[in-house]
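Quick heads-up: it's one chain on its own, the form predicted on its own, in structure tokens.
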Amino acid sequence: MSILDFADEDALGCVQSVDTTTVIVRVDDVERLRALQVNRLVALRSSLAGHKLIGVIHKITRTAIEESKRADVEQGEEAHPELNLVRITLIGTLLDKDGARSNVFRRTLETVPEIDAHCFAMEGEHLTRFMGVISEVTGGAQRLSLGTYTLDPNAEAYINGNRLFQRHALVVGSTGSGKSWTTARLLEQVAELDSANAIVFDMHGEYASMQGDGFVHLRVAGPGDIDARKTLADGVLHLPYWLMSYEALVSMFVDRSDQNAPNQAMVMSRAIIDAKTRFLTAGNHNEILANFTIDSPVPFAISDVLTELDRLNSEMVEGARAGTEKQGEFHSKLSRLIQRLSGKQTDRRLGFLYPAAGVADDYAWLDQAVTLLLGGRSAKGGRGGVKIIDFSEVPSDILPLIVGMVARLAFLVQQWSAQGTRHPVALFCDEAHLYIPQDANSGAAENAIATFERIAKEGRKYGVGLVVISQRPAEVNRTVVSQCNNLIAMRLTNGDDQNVVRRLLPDSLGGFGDLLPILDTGEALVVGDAILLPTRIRIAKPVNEPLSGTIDFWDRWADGSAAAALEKAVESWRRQTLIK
């Protein structure tokens, strides 16, 4: 039996005109017109038996007859003399039967309503039953719940976890709108899965509150961790310089404005290859030695590279006449490169790139790091399904380079895994505008953008999903944003950000963009492949709320006992390490 079994006398009105996915319905009963609300659901009778078309009310107008030809009529549309008109956008079809299943909702339109077909408002029990169908259809053995539908608080809103991560997702919203809350809600459910595998790029330590067996907390090594020789076992992640790609090394150590930049890049390349060759030879890694490239993740000693650069920079060679000498090809042309390399090496803020001897410079370290980051919760040696990496102590000028380094590591491991053996991983990119910007203003940003663009375009093939999270979607790389086929949009007040979201909405749902500035805190507009019904959802409260950093100014100012720990803050600033 159909869950939407309406009587003719319950009809809201009749179809007046049809244009692809837009339907105009004439409503003769003024009281029923007054009860209608924009963005509520309606059902229309289809020309196919057992089918009912589902639509969303987009516009409600009541026009005086003498003004009907010029008021409230969109350009190019036929004028309607009727007083009461409702514009409806069709979004799908409810089938009474689909094989052995009853009451199946599909995001397709196999037909459109006929002229004078009845339209019914979905309210009360009809709405509750329909929302129940939506919840069941998008469910499964492991259902991913966001919260409840705004249309019906009794109906739980489920999304398809496979499609959410396969086809990338974008979570946006102004500060304080509930982005971190939504992210925490997703992460808690991911962490519960037996073989969960996700990496969170945490820029401000917001997700340190996430607790449970499914979570592993790591932080990028700070200056104090180098002398203490802390390792992965201590929850400290080093990202040694030898893991960087050649392009990343050049962007970090070569000054492109230097006229000798091409020579410096070429000489550094040769020196690195020689240093890697010495490492592989000393360790008898003959199979690797025969096939490695400059981008192969092989440890090498930066001191060997500096020694070779110093030699070339001061090299004197035999002159044209016997017994005379002249300056070598690179004499005095590598001075700035040597200074930059030496300076970076002594910069305490970059200690994670230069771990203490024996911490992250042996052949086996990469296997341990990859197992921890990508092994998943059920892998041998794995400690948890969701790995939260705190980047809060990484200098902002090289933040894109370092985040891109971890993303590149994840992507390449997946790429070099044999077909059929890949264990999928999702990358949660918090504050994505900081390291995947639309306008790259440094070599570090260009390197990160290239990495994330490749993941956005090719990640699905290798089991790498992106969840891009930002309060400024207009500042996030457009290529990456355009590849996100799922949208969770919280309140947005900036016009440029709203326009980015509107461009992502299907033409038939363009009116949903008008909701962006009026969404409540914790309420989201959810559209995309992962959800059957594009609609507003109230995000459920996560068990562990993120440390979003929202401080109650007025209440704290009014508290006579409140005091700031300024001495500790100053000392942390001096040490470049957060003292808790």
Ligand SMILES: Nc1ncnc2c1ncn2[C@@H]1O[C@H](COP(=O)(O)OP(=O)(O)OP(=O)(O)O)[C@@H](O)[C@H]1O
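Because the structure is predicted, anything quoted here is derived from the model rather than measured. One rule holds for the numbers: they count along the sequence shown, beginning at 1.
Keep in mind that the form predicted together with this ligand is missing from the display, and what follows is about it.
- Of the residues given (Gln471, Asn447, Gln483, Gln414), Gln471 alone sits with a heavy atom within 4.5 Å of this ligand in the predicted complex.
- Screening Leu44, Ile539, Leu533, Leu525 for any heavy atom within 4.5 Å of this ligand in the predicted complex leaves a single hit, Ile539.
- Thr451 falls outside the set of residues with a heavy atom inside 4.5 Å of this ligand in the predicted complex.
- Proximity of Glu206 to this ligand in the predicted complex: non-hydrogen atoms within 4.5 Å are present.
- When contacts are judged by a 4.5 Å heavy atom cut-off, Ser548 counts as touching this ligand in the predicted complex.
- Contact annotation: Pro297 falls outside 4.5 Å of this ligand in the predicted complex, judged by heavy atom distances.
- Heavy atoms within 4.5 Å of this ligand in the predicted complex are found in exactly one of 148-156, 180-188, 112-120, 98-106, that being 180-188.
- Along 557-574, a non-hydrogen atom within 4.5 Å of this ligand in the predicted complex is carried by no residue at all.
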